[in-house]
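Before any questions on how it binds or moves, here is one chain, the form predicted alone, in structure tokens.
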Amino acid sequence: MKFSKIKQHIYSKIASGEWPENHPVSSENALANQFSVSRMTARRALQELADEGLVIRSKGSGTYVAPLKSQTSFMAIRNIADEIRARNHDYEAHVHTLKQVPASLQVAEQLGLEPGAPVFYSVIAHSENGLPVQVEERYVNPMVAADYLRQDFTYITPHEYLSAVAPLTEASHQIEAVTPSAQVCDWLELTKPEPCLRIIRRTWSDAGVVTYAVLTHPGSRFVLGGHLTFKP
């Protein structure tokens, strides 16, 4: 699609450093002329980039490159590796833990299991350009994803694997600001605690509850945004 070519052009300018933070981005008219598209198409490309947190649009003063923090879309469930690569940045995963554990009372309640029942547990730090931007602590129902512990999560993400074996039908979210524990600071490579955003997520497939996950993002490396369209 033509608007995707405009987005890729701007991605490349930002990723290469040619357009640093706060650099002005070409106007809708300029992009429309450059790519031989309508102004509406150019506007769509810029709006999507703004929704992704890569640019900031200001009425009357134009569009500018946003501070290059990690971002994700509000309430969307997306593959973090794809989001990072879409910004032409390097993605890497470090698996800290991948094992079977007995379900605590809280985990059992979240997964609909009996306390003490075996569950799969993983801790993975997702990095963008060598810097951790998310720690994913995930508990998985073995009855839904029996081969979870056999996966190489440096090659595929849990999201990719689970989407293949237990396609998502429902999800719930709880979002809160937290001060990270010493362990989370270590996983995120923070030299000292800083405000973090924590997303607690449960997901379901047709087979039942699949996972209970806690996603922690350092505030200095993360932007949460989105764009909603309301129909009358």
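Only the largest set of C-alpha atoms that superpose within 1.5 Å between the two forms is called the rigid core. We number the residues from 1 along the sequence you see. Owing to the predicted nature of the structure, the values given are computational and were not obtained by experimental measurement.
The following text describes the form predicted together with the DNA, which does not appear among the structures shown.
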Exercise for the section: Give a yes/no on whether Ser38 approaches the DNA to within 4.5 Å in the predicted bound form, heavy atoms considered. Expected result: yes
Problem - 4.5 Å heavy atom contact, Gln183 and the DNA in the predicted bound form - result: no
Handout entry: Arg57, heavy atom within 4.5 angstroms of the DNA in the predicted bound form
Key = yes
Practice task
Give a yes/no on whether Arg198 approaches the DNA to within 4.5 Å in the predicted bound form, heavy atoms considered.
Solution key: no
Exercise for the section: Decide if the three candidate residues Glu28, Arg43 and Thr63 all line the DNA in the predicted bound form, where lining means a heavy atom within 4.5 Å. Expected result: yes
Problem - Residue shift check between the shown form and the other one, rigid core fit, Leu46 Cα at least 2 Å - result: yes
Handout entry: Rigid core superposed: Lys192 CA moves 2 Å or more between the shown form and the other one
Key = no
Practice task
Align on the rigid core first; then say whether the Cα of Ala182 has moved by at least 2 Å between the shown form and the other one.
Solution key: no
